[in-house]
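Encoded as structure tokens, the following chain is the form predicted on its own, with no partner shown.
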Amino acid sequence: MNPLLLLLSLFLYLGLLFLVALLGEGRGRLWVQSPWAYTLSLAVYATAWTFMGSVGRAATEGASFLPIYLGPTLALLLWPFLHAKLLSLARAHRLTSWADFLYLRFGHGFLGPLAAAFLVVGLLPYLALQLKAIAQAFLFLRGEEEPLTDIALPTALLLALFAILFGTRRLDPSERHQGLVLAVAFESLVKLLALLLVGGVALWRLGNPFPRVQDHPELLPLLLPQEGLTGYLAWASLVVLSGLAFLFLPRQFHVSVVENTDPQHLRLAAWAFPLYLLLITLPVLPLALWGRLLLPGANPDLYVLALPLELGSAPLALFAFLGGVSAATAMVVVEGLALSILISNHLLSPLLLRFRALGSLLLWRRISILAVMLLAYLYFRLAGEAYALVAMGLISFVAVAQLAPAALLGLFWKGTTPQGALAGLLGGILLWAYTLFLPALARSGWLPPFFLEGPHPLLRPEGLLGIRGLDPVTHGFLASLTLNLALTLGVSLFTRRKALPEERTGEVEELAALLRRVLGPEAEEGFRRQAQALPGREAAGLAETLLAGSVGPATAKLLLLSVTREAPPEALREEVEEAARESRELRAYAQALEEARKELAEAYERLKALDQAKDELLAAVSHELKTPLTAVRALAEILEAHPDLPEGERGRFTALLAKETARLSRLVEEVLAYTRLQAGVPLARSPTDLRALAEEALALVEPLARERGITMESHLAGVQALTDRDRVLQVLLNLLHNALRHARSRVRLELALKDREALFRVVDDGPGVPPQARALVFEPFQSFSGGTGLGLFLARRLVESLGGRIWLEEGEGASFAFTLPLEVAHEDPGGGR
């Protein structure tokens, strides 16, 4: 096949992948949030190993490829117990990997970095497998076999660029990446369709291969299960191994936990994902058998490509190539992103914090993706040619399975201690390296053959304690996991449970400032919204969770140390919280007492003022009464002593007597009105026609105006109000009498409706109120024209008791205005202050 066509197809496909990812970041977000996209993203489990390696394994070892897919299917039975709990923990603490969980569960500072570093090393063979699949397929289709040229290198660089663009846009890795998920789901469809199409065309063109096996006895073992103890053990081991790998692969944690938008999606995935695995494995055995029958000398890992060419269908071979590329690229991108998060959270963040360069964490995370891709390429160049695809993947599966004892026991057994988890993980890692990783390098020629034999026959890496008959992967898996589990259980039983990690408490303001410095203003605002009603301990926990999601749990803990303090022990917490509550109550009680003291002081001052006013009233009333009473007595004595006074003189004295008597009467009425106000007589509200009331007031003062030669004018609008009629009338009479006393020629009364209030205005053309007296005009006993000084004071108290306001306006003459609400909203019979 033309290499230019292959390269063009490869790069066009990768370009299409970029477009799909962009669609997922934009208009395709609703697709990403569907349960089908979530289920298809889980199919990132099916890699180039599935697409090409399974056919190769079936062609050489028969149905032993099936356990790789039975394991995840059985593992899904644990989802109601395991995954829901894991999702809940991940959302509460913003977990991004199993390493985060181990740190959260055990609080051991070395456990997270150890798990992260080991996963990076342990998954390099798996990543290299994908690069090898692409390079091997490319070379096969262009007609070359060896050496594997560097088509893998530009592919690795392009995939690194893809992961950087769509996986590291933000610092917070726990945020979801819609574009990446949609691209992975799209690739899952492509690889499924490609393998089904190749299998379907092979069956359609070549027929059923199973009857032909009868004529080839060497193929019969491929259809039979493995026999004997070692055979059964290998099957069972592969089922358990693949199930654990499905649960603990970083990319599976990322797509199933971090990228999960709705826990309800698990229901569909629980049956749809096993169905996907069933469909994608259906063509494997027929293709393997036809490959053995028609292409006996070909590489079994390439039967998926070779059979379409054998059938003369180059386009189908090209589509199969793109299907293999889909399977490989989805895995490389998601695994590379997941590993970069592990590296940044557990290895880089603590170092960057120490060198005060945490702001460059996002850059280093991108560099980590590139470094992981280059290391995988390096492993592929060093050891890739010595192993088949499946063998390389299984080495990584065994590595990932080493997390299982500490993680599962940590989830479900409280007795697991940090020492036990660390001992188990270390033991499993060392035995994995001794039984699988080093022999892989030795077989590739990069280590001496001594590593295949070991220092003693009982210590042979692929046959510890003299065990024979097991394949290296089964042997390495059983040995490392057994030691791991034994150490985790044994050390946990014989070590004391570490005291719970200390809890911190702090002030919301200081925590918010820390989040602003590290994560930016958006994180600070979000934290403030959530932490408003939280006590200090829970606020510190929330801040730690937000930080842990972005910079890793260890670095988050270090950052919090500077702005928090140790929370009180659990045993004292209740007492401390009770003391804090009582302290808050005491502060509130003291504040209430202070407010009551202020109110009492104000009431005392008011009482003093009232008492003083009462004294002043008595003095003023006595003074005011004394003058007319003296005049009345004098006039009466004159009339009595001079019975022969002329008629005109007698009439003048009698008129003076009537005037002084009227003055006495008015004074008594004002004093009585003041007394009623002080006594708090309740309002007598009723629907009142204010215009009719104003006309009545004008009629009452008309004789006085006529006597003094004053013209009365009015401009009255029709206004209805629910108010105390008598009090309003008294106010009007007070103001009108006051105006008549000072007017030169006319007095004007106005009534209007303004802003849902009745507005009265009484204007006269007299000399007006002197500027120095304007501030005191409504005060009691402040008379500037010889009156009692109670008229305006009473008017103000009456208006205020009705819910209105009264004031003196600027201008020529005197203009007093007051308002009344159309309905009295409150009742203060006394009015005023």
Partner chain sequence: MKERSFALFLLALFLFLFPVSLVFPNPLGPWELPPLYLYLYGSWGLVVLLAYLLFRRP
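Numbering follows the first chain given and starts at 1. Note that the structure is a prediction, hence the values are computed from the model and not measured.
Heads up, the form predicted together with the partner chain isn't pictured, but that's what we're talking about next.
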Only one of Thr630, Ser686, Ser88, Asn208 has a non-hydrogen atom within 4.5 angstroms of the partner chain in the model of the complex; which is it?
Asn208
The one residue among Phe51, Tyr69, Tyr45, Tyr38 placing a heavy atom within 4.5 Å of the partner chain in the model of the complex is Tyr69
Is there a heavy atom of Tyr589 lying 4.5 Å or less from a heavy atom of the partner chain in the model of the complex?
no
My question is simply whether Pro154 lines the interface with the partner chain in the model of the complex - judged by any non-hydrogen atom within 4.5 Å.
no
Residue-level contact is defined here as any heavy atom of the residue lying within 4.5 Å of the partner chain in the model of the complex; does Phe81 satisfy this criterion?
yes
Is there a non-hydrogen atom of Leu220 within 4.5 angstroms of a non-hydrogen atom of the partner chain in the model of the complex?
yes
Choose one stretch from 263 to 271, 374 to 382, 543 to 551, 666 to 674: the one whose residues place a heavy atom within 4.5 angstroms of the partner chain in the model of the complex.
263 to 271
Even though the chain is shown alone, can you say which residues of 272 to 294 have a heavy atom within 4.5 Å of the partner chain in the model of the complex?
Pro274, Leu275, Leu277, Leu278, Thr281, Leu282, Leu285
